[in-house]
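In structure tokens, the next block holds one chain alone, the form predicted alone.
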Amino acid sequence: MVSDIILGQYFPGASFIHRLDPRSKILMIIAYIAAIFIINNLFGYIVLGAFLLISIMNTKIPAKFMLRGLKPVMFFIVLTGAFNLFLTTTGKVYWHWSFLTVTDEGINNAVFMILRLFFLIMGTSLLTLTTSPIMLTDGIERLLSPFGKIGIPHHEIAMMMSIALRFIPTLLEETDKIIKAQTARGADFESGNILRRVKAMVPILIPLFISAFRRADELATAMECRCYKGGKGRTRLKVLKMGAIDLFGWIFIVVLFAGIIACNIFIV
């Protein structure tokens, strides 16, 4: 389960999406998220699904690898859908028992919520899978640079965000190793009630926190040894520059929005 989390991982490649400027990709993901929440019918999600499928095929990331990222959050997706399905009381009633009710509006809300979470996770995962941590840091920093004029430490914020994303796979790998080591020593994480399972997590959490603090200290020492002093005067190996490829990317986003808006207006 731990190894199924793909957030923060980078999948190297030379596809159209890989070569986009990180600033464009970040802004496109924001536009993509906005598109998810303005859709009001299933046809809009079909258009969005086609756009996402084309994007995944372009990156050459295996669909099985992408879908694997849904496994750790599948329980929460299903739970959210169930809440919307059984706790929505407005609309035509199809079934009722005690405080549980199934209505046409509840079915509609549940389907829409599940689809929104699905597209949200898949789209945001695509950002980190196609953007290296360094490029992501530079992109976030450049987008936040206007806030530096009012005293907001934009470089430090970008650095913290990128380090957090970068260390997600590392900490997950460390967690997996600890679980296997504790299991080999006879630890049981599967049986018993909820309270017992929570107590069984203590032998995992303590060494994980110790490992995380040790890695943070090693990273701080490495940055100091390399005379890191923040964003002021910092040079870059690759200078960000938008080109024609970013223009084509924005054309695709505009076409996506046009298709979704057309579905919202003309399809009821």
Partner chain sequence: MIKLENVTYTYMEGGPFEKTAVHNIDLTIPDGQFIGLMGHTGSGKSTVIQLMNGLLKPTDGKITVDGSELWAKDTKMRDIRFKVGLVMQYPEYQIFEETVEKEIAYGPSNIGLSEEEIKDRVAKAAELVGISKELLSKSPFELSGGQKRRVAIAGIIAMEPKTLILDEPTAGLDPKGRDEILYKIKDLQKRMNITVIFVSHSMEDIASMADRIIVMNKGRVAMEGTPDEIFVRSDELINMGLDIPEVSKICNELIEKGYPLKKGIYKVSEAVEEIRKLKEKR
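Just so it is clear, the model here is predicted, and its values are computed rather than measured. What we label the rigid core is the largest C-alpha set whose atoms superpose within 1.5 Å from one form to the other. Residue numbers count along the first chain shown, from 1.
Keep in mind that the form predicted together with its partner chain is not shown, yet the notes after this line are about it.
- Heavy atoms within 4.5 Å of its partner chain in the model of the complex belong, among the stretches 26-34, 39-47, 64-72, 239-247, to residues of 64-72.
- Think of it this way: in the model of the complex, its partner chain has a heavy atom of just one of 168, 187, 111, 120 within 4.5 Å, and the residue is 187.
- The contact with its partner chain in the model of the complex, taken as any heavy atom within 4.5 Å, belongs to 181 out of 198, 181, 79, 87.
- Contact check for residue 177: a non-hydrogen atom falls within 4.5 Å of its partner chain in the model of the complex.
- Mapping the unseen interface onto this chain, residue 214 counts among the residues with a heavy atom inside 4.5 Å of its partner chain in the model of the complex.
- In the model of the complex, its partner chain sits beyond 4.5 Å of every heavy atom of residue 257.
- Contact check for residue 223: no non-hydrogen atom falls within 4.5 Å of its partner chain in the model of the complex.
- The two forms, fitted on the rigid core, differ between this form and the one not shown by 2 Å or more at the CA of residue 175.
- Shown in the overlay between this form and the one not shown, fitted on the rigid core, is a CA shift at residue 93 smaller than 2 Å.
- With the core superposed, residue 185 shows a C-alpha displacement of at least 2 Å between this form and the one not shown.
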